[in-house]
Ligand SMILES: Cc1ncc(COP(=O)(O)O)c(C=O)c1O
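What follows is one chain in structure tokens, specifically the form predicted alone.
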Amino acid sequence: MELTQHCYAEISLPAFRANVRHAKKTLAGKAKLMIAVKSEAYGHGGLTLAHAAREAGADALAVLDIAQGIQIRAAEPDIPLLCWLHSPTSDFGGAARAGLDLGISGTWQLDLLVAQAPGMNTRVHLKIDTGLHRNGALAKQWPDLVRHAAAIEADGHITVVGIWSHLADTSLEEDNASLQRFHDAVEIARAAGLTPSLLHIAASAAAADVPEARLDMVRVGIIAYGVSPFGDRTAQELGFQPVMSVRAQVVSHSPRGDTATLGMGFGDGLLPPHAGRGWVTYAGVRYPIESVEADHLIIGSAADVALPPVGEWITLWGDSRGESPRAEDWAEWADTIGDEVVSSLGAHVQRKVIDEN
């Protein structure tokens, strides 16, 4: 069988737009809202979701790398678009010509940017590490970084529009300490002559739990897709709806009638649950997942209940009514996070985009 013949993902743009609007109201508040569309919008479809985010009121977008940023820029020419994961082979010249914002955390990145895009006033967000150790400049490197940035800004090569960081979100005490380290770094940057207009450190967790961390802009990622980043709160409890619903068709029953085969497997990006931890539902009945193979999964029968008929479609996750598993359930079964469950979906699996327009 073809890998995509018996499975697909439904992507609800109305749900996504509603989530973006809800994030703007409840997480950003008076701050600007940046929506992450990295990794092809967590497997949902980068260009489509970038457009929908802007329609729903997002003030800015974020991706990891310049290549995806350039791709999205072609479809979204005006919205600020931040890229921050760079290497010595990154195309800073292409980024400058596309009008991308660049997250910068090292003087070597500034030097490469000047070499590739001299005199272009490229928009830059300088990143300070405040404790998470996710590619920000260390405190001992920060004074040199901001002095170097100020010098090349004076020469017209860059404009430092932002200073930013990531929080570890391990505890309120650590987040508050990181926030103070961030403010200290901003003061060092201002003393060097920089005048950033955007300070941003909060993602979804901090925006919800540490409102004072919202500053000028809040970055929202997986929660906008209806998948919770919290261990103690579901997305639905926070007012967000699932955007992706993944469905697989019942393709056969075993000769004994005690198992059914569904047409989706790990070759399609389905993460196998640990033994005894997964289930699917049909007509309100739970059926245990026996195994996940390359191009199919096998479910067992439930006591005194017939198997789902051949040809029926089973929602593996994302049912807005809450009857099927959630992406977070699959994450728990596979000892991972919800981001990986949706992002791992194979590019060959058809996305059926649902829109109200």
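Residue numbers run from 1 along the displayed sequence. Owing to the predicted nature of the structure, the values given are computational and were not obtained by experimental measurement.
Keep in mind the form predicted together with the ligand is missing from the figure; the text below concerns it.
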Among 213-221, 180-188, 148-156, 243-251, the region lying within 4.5 Å of the ligand in the model of the complex by heavy atom distance = 213-221
Have a look at 261, 109, 90, 204 for me and say which one sits with a heavy atom within 4.5 Å of the ligand in the model of the complex.
-> 204
Ok, 38, 296, 54, 326: which has a heavy atom sitting within 4.5 Å of the ligand in the model of the complex?
-> 38
Would residue 134 sit within 4.5 Å of the ligand in the model of the complex, counting heavy atoms only?
-> yes
Does the ligand get within 4.5 angstroms of any non-hydrogen atom of residue 42 in the model of the complex?
-> yes
Residue 73: touches the ligand in the model of the complex, heavy atom cutoff 4.5 angstroms | no
Any of the heavy atoms of residue 84 lying within 4.5 Å of the ligand in the model of the complex?
-> yes
Who in 164-181 is close to the ligand in the model of the complex, meaning a heavy atom within 4.5 Å?
-> 164, 166
